[in-house]
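Take a look at this single chain, the form predicted on its own, given in structure tokens.
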């Protein structure tokens, strides 16, 4: 059954819709799908696109879509950059990168999804004033993110909306995912919010 559902809602970079709605929510690495499902239900007129290469996460989201009859989610089961390159410019109105794999070993840092190149690619697809939320619970990855977002090239494209001292976004805006719950057992998560300029 899930295979049929997946095929029905899979988004194909080579066969994209000719017209996109006014609201497009894009999540890179949706994990168990809690946030993308929440966003889809909160914004029923939005097209919610989730990118996740891992089968377990996709199965979890498909289960939510089926149980709650969510109609406005599309899934891309591969590297988000492949889909981003195919999307028209300026269509994304909100982006999420929540608790990505920190790849803690130095030799693996090149695999981190948060890097200047990826963020600039994402910016190209974001509408003016679109919001980008990046969250991590990993102290070294947080330092890495802060270094990247302090660079002039990043600041030419994004403006910070909050600081680390600001409270976590409300659960109505972003639900607590199982990854965040797991993280909170050890250390608090940091949520950084930016606006595309």
Ligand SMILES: C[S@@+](CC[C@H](N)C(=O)[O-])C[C@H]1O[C@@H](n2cnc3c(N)ncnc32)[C@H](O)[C@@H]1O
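None of the values given here were measured: they were computed from a predicted structure. Residue numbers count along the first chain shown, from 1.
Although not depicted, the form predicted in complex with the named molecule is the subject of the following passage.
Check all three, 31, 53 and 79, heavy atom within 4.5 Å of the named molecule in the predicted bound form: Checked in the predicted bound form: all three residues contact the named molecule.
In the predicted bound form, the residue from 113, 127, 116, 86 that sits within 4.5 Å of the named molecule by heavy atoms: Contact with the named molecule in the predicted bound form is made by 113 alone.
Non-hydrogen atom contact residue 75 with the named molecule in the predicted bound form at 4.5 angstroms: Residue 75: no, not in contact with the named molecule in the predicted bound form.
Distance check, residue 95 to the named molecule in the predicted bound form, heavy atom within 4.5 Å: Output for residue 95 is no: heavy atoms all beyond 4.5 Å of the named molecule.
The named molecule contact at residue 187 in the predicted bound form, heavy atom, 4.5 Å: No, no contact at 4.5 Å.
Stretch 92-131: residues contacting the named molecule in the predicted bound form, 4.5 Å heavy atom cut-off: Going through 92-131 in order - heavy atoms within 4.5 Å of the named molecule in the predicted bound form - the hits are 98, 99, 100, 101, 113.
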